[in-house]
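This document starts with one chain, in the form predicted on its own, laid out as structure tokens.
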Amino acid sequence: MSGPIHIRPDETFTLNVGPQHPATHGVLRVKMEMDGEYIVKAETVLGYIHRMHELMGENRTYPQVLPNLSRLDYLGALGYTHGHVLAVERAAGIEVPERAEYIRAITVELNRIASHLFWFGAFVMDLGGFTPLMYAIEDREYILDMLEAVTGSRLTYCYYRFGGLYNDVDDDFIAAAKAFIPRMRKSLKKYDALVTGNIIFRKRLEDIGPISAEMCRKYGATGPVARGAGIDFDVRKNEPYSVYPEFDFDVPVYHECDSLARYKVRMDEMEQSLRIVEQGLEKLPDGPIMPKKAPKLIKPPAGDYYQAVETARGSFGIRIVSDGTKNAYRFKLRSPTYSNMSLFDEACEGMMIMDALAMMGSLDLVIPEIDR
């Protein structure tokens, strides 16, 4: 057996976090130069599951690309497919019935809560607490059951169509959604008592992982990451789309810029999503879910089109350049997790590795959305 390793005080070593590591929640690799427990330099290495979704968006017809968007973010898939159909509808001038718009908003917000619940459970588990994950998964299952009943899927949805929906919601869905709202509000109070006030939890996050508003602007970070840095920006409010202007809801913003601030933003956002779902169910109009003359062949006029939506992880944008044919000439995706992850290398310099991993968890990464 060899003798002990002697490291000079000025000597650093390389540590690979990932590509298969529980803390990276997928196929992500971060190459770190370490000085003991402290990070001297970090380099994020991407591309392990790159699938060329943008190229597929250019060599397939618009309807053929519909299932692809939900494969970007398997936790908050409906927000991404919502952005896609809105972009194509804008380009092709397709009118959407009001009932379909309301159902889209209701289902997107339920999916946002499901995504935040999974993040909440996994995040606390990363920090050493296992029990909250079980509670969060139980609440999330109620949402998945509701969405499965109308979409036919539990994870990678292909529910929306250009001009409306694949399927209308029934009385059972509406009753289940109404019953879920008070249940979830009760759970949020439980999570607050169980986790938010826990002294060990707070010590791991307070004043840890600072991400300033300036850094968010530098890297294009959006969503809860930016709102945890004091930036009051939410696409649903600042660039309203669909029926969101009809809803009364707040945008949670915290100015502490630490990992706890990003946690609080997402916990508050679940309550705001419940408010939107509640109002959507009350205002849900009768009527068709598809236009009378839905186009069978989608050929947007030649032009350059862009649509942004607020997903669970931040601002997601789709740019479509049409040459008037049945395929997009250029199909470009702006994904929030890619921008949010980009700031990690700079933000974690000088941090202890355990704090850096806590900060990584507060970013709520979904790696397939980065690689896409």
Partner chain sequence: MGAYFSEIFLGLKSLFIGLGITFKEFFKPVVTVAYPYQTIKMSERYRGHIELIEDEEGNPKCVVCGMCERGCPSGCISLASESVEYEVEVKGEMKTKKKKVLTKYDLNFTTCSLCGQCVESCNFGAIKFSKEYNLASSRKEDFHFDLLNRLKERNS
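Please read all numbers here as calculations on a predicted model, not as lab measurements. Residue numbers count along the first chain shown, from 1.
Only in words, not in the display: the form predicted in complex with its partner chain, which the text now covers.
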Tell me whether Lys190, Ile199 and Lys203, taken together, all sit within 4.5 Å of its partner chain in the predicted complex, counting heavy atoms only.
yes
Taking its partner chain as it sits in the predicted complex, is Arg51 near enough to touch it, meaning that at least one heavy atom pair lies within 4.5 angstroms?
no
Going by a heavy atom distance of 4.5 Å, is Pro182 a contact of its partner chain in the predicted complex?
no
So, in the predicted complex, is Gln64 in contact with its partner chain at a 4.5 angstroms heavy atom limit?
yes
Does Cys257 reach its partner chain in the predicted complex if we count a contact as any heavy atom within 4.5 Å?
no
Please tell me which of Arg99, Arg90, Arg71, Arg236 lies within 4.5 Å of its partner chain in the predicted complex, judged by heavy atoms.
Arg71
State the residue from Met215, Cys158, Leu86, Met125 whose non-hydrogen atoms include one within 4.5 Å of its partner chain in the predicted complex.
Cys158
When its partner chain is placed as it is in the predicted complex, which of 150 to 158, 228 to 236, 267 to 275, 111 to 119 ends up with heavy atoms within 4.5 Å of it?
150 to 158
